[in-house]
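To begin, one chain is listed below as structure tokens, in the form predicted on its own.
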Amino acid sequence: MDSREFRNAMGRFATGVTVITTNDGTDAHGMTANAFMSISLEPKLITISIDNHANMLKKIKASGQYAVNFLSDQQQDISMNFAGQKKKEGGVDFGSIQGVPVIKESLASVVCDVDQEIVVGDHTLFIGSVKDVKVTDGNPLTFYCGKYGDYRQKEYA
């Protein structure tokens, strides 16, 4: 199989959309990503996967901390901004939790210190020790087969 076929197969897995944020000491930075996973409740650990050629890799290494922000279905413009698809009019106004930039009004922001870095293939996994979380209500922004979507909670009898 070629890389395109593999990528298309991976796109068949529906995911939520996140923006990874950090501050490299001079400015807040963000990157849209869907390679996120919760890995442990005790201790509280998550992981993100960053391409070894991405600008965000150096920024997270420099800061030693990051946040994962779960976007709502009202925040597609923010995702597109950090994916380099379309600049958000007026820019992005960051909030802060324990000094780490976060996306305001995201469904959840999970703030971490980098616990481990593991190079795997063409990506680096950053295992984060969770320091704090903030949760809000709403519906998630989803991504499937290269397209944005949404998920509406339904009541079941």
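One rule holds for the numbers: they count along the sequence shown, beginning at 1. Predicted model, so just to flag it, every value in this text is computed and none were measured.
Quick note: we don't show the form predicted in complex with a small molecule, though the next part is all about it.
What I'd like checked is whether R7, G11 and F143 together line the small molecule in the predicted complex, meaning each has a non-hydrogen atom within 4.5 Å of it. Yes, the whole candidate spot contacts the small molecule.
Would you please decide whether D51 lies within 4.5 angstroms of the small molecule in the predicted complex, comparing each non-hydrogen atom pair? Within the cut-off, so yes.
In the predicted complex, H123 touching the small molecule (heavy atom, 4.5 Å): Looking in the predicted complex, residue contacts with the small molecule include H123, since a heavy atom lies within 4.5 Å.
Residue-level contact is defined here as any heavy atom of the residue lying within 4.5 Å of the small molecule in the predicted complex; does S96 satisfy this criterion? Flag for S96 set to no.
May I ask you to check whether S63 falls inside a 4.5 Å heavy atom distance of the small molecule in the predicted complex? No, no contact at 4.5 Å.
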